[in-house]
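Only one chain is shown below, in structure tokens, and it's the form predicted alone.
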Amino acid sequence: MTMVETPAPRSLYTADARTKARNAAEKRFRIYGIAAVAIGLLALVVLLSSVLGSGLGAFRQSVLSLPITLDAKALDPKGHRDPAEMAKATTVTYGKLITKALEAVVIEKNLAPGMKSKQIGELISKEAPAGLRDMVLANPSLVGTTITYDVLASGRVDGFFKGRVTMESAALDSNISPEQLQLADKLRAEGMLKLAFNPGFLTNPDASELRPESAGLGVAILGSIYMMVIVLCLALPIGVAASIYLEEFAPKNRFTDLIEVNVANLAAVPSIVYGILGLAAFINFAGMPQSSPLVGALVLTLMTLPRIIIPTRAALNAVPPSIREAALGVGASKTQTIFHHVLPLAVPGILTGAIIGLAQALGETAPLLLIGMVAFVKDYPGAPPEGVLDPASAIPVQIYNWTQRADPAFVERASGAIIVLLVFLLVMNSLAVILRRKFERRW
């Protein structure tokens, strides 16, 4: 008679081979997840480091402090101090005064013996005379006095202090020479030339290829604000109204199913398609002006609507049915139930979807390029409502524009504009999170 061996009893505290394999697989999955997060954070750090490293310089600019004598004979020969008469003095006249002031300092301190007046004047930005002229016309009493005025240095001098321009590259550059850079270095040692905060980067309009040091985001920021306000006023009420109808009132049939499918599909359509639609419908057919914030806003509204409708419907659907049933049970109508109970509870999700949709629209470039907003715009658009039809630019379009220019200073400007755009997006997304947490209700 053979004895049958009975298996040893299993213990819940002792892991068998299958349990060990399952636990090992779970650990590996956690490691994969941690590695994925680490790679994503590393890529983000590299991206931000690259943008900040090349773009922070745009917020600082080389300025030269000069004692400038505003010669009355040159600026106001008749002595009436009438801005209309003084406007006859061109920027060429003011440029000569600035060059004369710098030349006097160079000669007095013996900084560059033998250097010609023209070479000395090339250290100064071509935009400086215009700024001085505007200041004098705004305050004619300055004529005949000597003032200390901060003028922008040229783009090559600014690049020299920021590391973009070297003595070796200057020897091959027709716009600057090593001797001029040596003079700039001496002026810096004298405390007359320094890097200072550059508010003009946020307020000045765009500048030509020859004046990268004076280029700013003023027109682009104003154009983006105009467009976002119009998009908010159009897309939010239309998107919320469409969502309420589709979610609460529309009958469930093939027609509404077709609408829902098309809304979902429109959210995935490439943005450049909306640009083509805007070009055909608003510019070619309706005859609206190119490069205007109104046309850009209409295009972005079409693009943003599906991105508002989908999260709004999700927010409405997330409200428990018991809320509706309780309101209907005490005698409220369907409309009262929606607007007095369901909609207020869905506000956090609606606002979050709307702000995120606006943030995505703020960063769009392709549709705006097709409606002509890539054009060079020097003047600020006027005040609303007429101003929304004036030519303007937008921050992402300005970034694209600057990256297409040859001067390396514009690359720095483009990176600085990316920082400004990221700050706008960070503020808008933070606002979405704050609003959600403030109005969110749990049940």
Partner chain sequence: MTPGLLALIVLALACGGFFLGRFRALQMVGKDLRLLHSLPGYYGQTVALFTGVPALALMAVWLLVQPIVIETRISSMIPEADLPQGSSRDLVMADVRRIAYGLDTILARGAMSEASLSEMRADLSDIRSRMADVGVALGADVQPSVFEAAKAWRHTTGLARVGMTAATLAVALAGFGFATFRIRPEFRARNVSETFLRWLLIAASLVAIGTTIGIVLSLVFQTVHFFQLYPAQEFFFSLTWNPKFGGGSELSIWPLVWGTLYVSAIALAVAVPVGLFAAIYLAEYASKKVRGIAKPLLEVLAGIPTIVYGLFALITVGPLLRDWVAQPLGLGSSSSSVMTAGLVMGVMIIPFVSSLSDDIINAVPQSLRDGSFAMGATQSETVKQVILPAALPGIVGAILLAASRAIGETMIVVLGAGAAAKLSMNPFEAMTTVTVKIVSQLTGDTEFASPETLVAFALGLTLFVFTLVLNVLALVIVRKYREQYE
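Note that the structure is predicted; figures quoted are calculated from it, not measured. Take the two forms, find the largest set of C-alpha atoms that superpose within 1.5 Å, and that set is the rigid core. Numbering follows the first chain given and starts at 1.
What follows is about the form predicted together with its partner chain, which we do not show.
Its partner chain is not drawn, but in the predicted bound form it has a heavy atom within 4.5 Å of G363.
Its partner chain in the predicted bound form comes within 4.5 Å of a heavy atom belonging to E26.
Contact check for P270: a heavy atom falls within 4.5 Å of its partner chain in the predicted bound form. Its partner chain in the predicted bound form is not approached by D185, whose heavy atoms all lie more than 4.5 angstroms from it. Contact annotation: its partner chain lies within 4.5 Å of heavy atoms from the stretch 327-335 in the predicted bound form, the single such stretch among 327-335, 347-355, 84-92, 124-132.
Scanning L66, A414, V388, V63 against its partner chain in the predicted bound form with a 4.5 Å heavy atom cut-off leaves one residue, A414. Among the residues L277, I230, M115, L111, the one placing a heavy atom within 4.5 Å of its partner chain in the predicted bound form is L277.
Within 4.5 Å of its partner chain in the predicted bound form, a heavy atom is found for all three of L47, I238 and A286. Contacts between stretch 32-58 and its partner chain, counted in the predicted bound form as any heavy atom lying within 4.5 Å, involve Y32, G33, I34, A36, V37, I39, G40, L41, A43, L44, V46, L47, L48, S50, V51, S54, listed in sequence order. Superposition of the core reveals a Cα shift of less than 2 Å for K378 between this form and the one not shown. Shown in the overlay between this form and the one not shown, fitted on the rigid core, is a CA shift at N23 of 2 Å or greater. Annotation for A35: C-alpha shift of 2 angstroms or more between this form and the one not shown, rigid core superposed.
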